[in-house]
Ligand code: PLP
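One chain is shown next in structure tokens, namely the form predicted on its own.
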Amino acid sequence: MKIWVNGGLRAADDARVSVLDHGLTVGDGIFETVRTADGSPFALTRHLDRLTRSALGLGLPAPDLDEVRRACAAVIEANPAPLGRLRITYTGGISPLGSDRGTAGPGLVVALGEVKRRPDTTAVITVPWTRNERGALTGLKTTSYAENVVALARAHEHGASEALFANTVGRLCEGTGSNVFVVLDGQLHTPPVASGCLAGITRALAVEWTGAHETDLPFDVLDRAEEIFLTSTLRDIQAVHRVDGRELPGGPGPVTAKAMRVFDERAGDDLDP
């Protein structure tokens, strides 16, 4: 494996960042995950636009997107994979031991790992912890991810691949690394970004391509939704067949199946929509 670290490709054994990097010591960093297929990244422009928004929201300098594109191209070429997870990490760089950010400038790491295609359906759980829709990091894709690690571990303990959060006022928000859609009376809905969810790239494309409504939803909508699906970079659109102890009809329902078909067709027609 070859990894881009602060200006060039390095072998995995030699790909190192400082132990004083603020991304390591306090989670002061942002990231993007991009799906690659046979050497081609999907929706890279949208991901880089969000990387910039997250950087500015965190008070980091805007990344040099030309450099990021060069790094992505070099890493993809050096690590051939039929289906890959391209990870772009941009940190506060070398800094003091504390919350104050240093002056050395940001760090950039780009890596790629091979992945397998996800199943068409999955199980999810709900968790008692909440997303803060008014927090300083709301809407930013930061490396401060320990909350998601804890929730995802809970999901795995219960035979699920994802954990879903409400926000602080009891409205449906998002998963640890996904957005959630529900079908009510045959209509497709997803929480608005005001709920505190991340403005997912796949979420945005699914809304655009399926006509889904952005709707403020109570958390218990999961108890009565006719169909539920998740969206994310590596899931694309993935149907949910179980929420906690509630079983949904086997296989993707008709609305979900149509959304999956439309997404696959549109994504196949344009790799950078």
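Each residue number is its position in the shown sequence, starting from 1. This structure is a prediction, so every number in the text was calculated from the model and none was measured.
Another form exists, predicted in complex with ligand PLP; not displayed. Remarks below refer to it.
Here the chain stands alone, but in the predicted complex its contact with ligand PLP, taken as any heavy atom within 4.5 Å, falls in 194-202 among 194-202, 75-83, 91-99, 117-125. Among the residues T233, T215, T210, T52, the one placing a heavy atom within 4.5 Å of ligand PLP in the predicted complex is T233.
Within this chain, G175 lines the site of ligand PLP in the predicted complex, having a heavy atom no more than 4.5 Å away. N179 belongs to the set of residues with a heavy atom inside 4.5 Å of ligand PLP in the predicted complex. Y145 belongs to the set of residues with a heavy atom inside 4.5 Å of ligand PLP in the predicted complex. Ligand PLP is not drawn, but in the predicted complex it has a heavy atom within 4.5 Å of R131. Of all the residues from 241-261, none has a non-hydrogen atom no more than 4.5 Å from ligand PLP in the predicted complex.
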